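Given next, in structure tokens, is a single chain: the form predicted on its own.
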Amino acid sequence: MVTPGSAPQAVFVIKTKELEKLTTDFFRNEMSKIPAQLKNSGVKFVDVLLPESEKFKNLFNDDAEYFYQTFVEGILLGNYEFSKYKSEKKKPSKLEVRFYSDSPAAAKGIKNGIALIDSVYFTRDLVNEPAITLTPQELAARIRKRFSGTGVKVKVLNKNEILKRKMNALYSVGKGSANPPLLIELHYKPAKAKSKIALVGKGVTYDSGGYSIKPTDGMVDMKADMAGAAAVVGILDAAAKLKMPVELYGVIPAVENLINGNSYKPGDIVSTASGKTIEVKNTDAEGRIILADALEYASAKKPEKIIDFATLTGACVVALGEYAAGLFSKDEEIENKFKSIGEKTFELVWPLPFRDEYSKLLESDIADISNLGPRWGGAITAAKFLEFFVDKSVEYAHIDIAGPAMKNKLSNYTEKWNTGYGVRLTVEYLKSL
């Protein structure tokens, strides 16, 4: 909680001698240590005297508001935990954090940070929720509840509507589960919109791999295979609260990729809503199959840009590690903006090749495209597969978040729970428009 305050109970001094080595994540990361350090200490109030932004204007491109925002982001990100299923819960001590500054930019930065991290919390709660409770239907229910009474409209297409619209790709992946597939649409439309963007998020609430079954170790974290969908929800949530002047569509194909006698199989040919056909070579490359129908659906909204978020490939993690997402786009402006904003938010992004020559690796003798290329360049061929289903008149970017969406050691606030990657990054990108 952030309030005005009086005398401090605890004083933290952050020292660094090498200003030239600071990153935009330095204060966010340092502040995120405080909640853990004070846990069970009995301290109820922390007062933070904010430094002058002038000293760091080069690092933050003279954006004083964002400089101050990183402090409250750090405190709140460091205070996150997911312990709802612990049988012995310790009642968390109430910690009030009070920031002091003479700068008008500080008040706005703190206010924006609180609103933004509330959306990140919701995203993280979804990604950390076990698949036994977060089915496609429960995901839709939580989204409806979250946006009830807000300016964001929620529409859910059930199995019958999916089949009516010939979304056989989405249906095929989900038909092996007792919980039928859904397509969830979110729509945020401000009074005056400067642009119109569609965000698409992979929503596999659990991925066993299907008949191309994963080993047990590969399944444990697959509750988080809907991190792309959760990111889209968080972005729409933040955009509405911050009253951003951008019209947004969120499109989420939600399924469980499980096995029964009705499951789709390697060797199947699946038709999509676009009329294009897919040869299924591996049922564990299911995310791109459901996204085929979702991207066609998003294209029909006639946006200026489509950006998708997906925990799509292990190959991207092999290429970039756990710390950075892979970015695929032919639009240099999108590529450059996301890369620079990734450095600012410390949700890191790195562009990978997106050349048309890679499309040859997905050619099929019996369908329009194969869902799997050869071993090499797997993240790139997956991205080229997705591009095949996007309207050519729309600027497109695919962001493979398979690494940074999962807990990792990049910073103090990403170590313990799945991270909610993509919300802070994309909100800053939308601001840049």
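Bear in mind that the values here come from a model prediction, so they are computed numbers and not experimental data. Don't overthink the numbering: it's just position in the shown sequence, from 1.
Here the subject shifts to the form predicted together with a small molecule, a form of this protein not shown in this document.
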| query | finding |
| --- | --- |
| Interface stretch in the model of the complex with the small molecule - options 163 to 171, 127 to 135, 306 to 314, 145 to 153, non-hydrogen atom within 4.5 Å | 306 to 314 |
| Of L186, A285, L139, L362, the one that lies within 4.5 Å of the small molecule in the model of the complex (heavy atoms) | A285 |
| Position in contact with the small molecule when the complex is considered in the model of the complex, options L50, I369, V394, M406, heavy atoms within 4.5 Å | M406 |
| E347, R424 and E428 each touching the small molecule in the model of the complex (heavy atom, 4.5 Å) | no |
| Proximity of K194 to the small molecule in the model of the complex, heavy atoms at 4.5 Å | no |
| Contact test in the model of the complex: K265 vs the small molecule, heavy atoms, 4.5 Å | no |
| 4.5 Å heavy atom contact, D225 to the small molecule in the model of the complex | yes |
| Any non-hydrogen atom of V390 within 4.5 angstroms of the small molecule in the model of the complex | no |
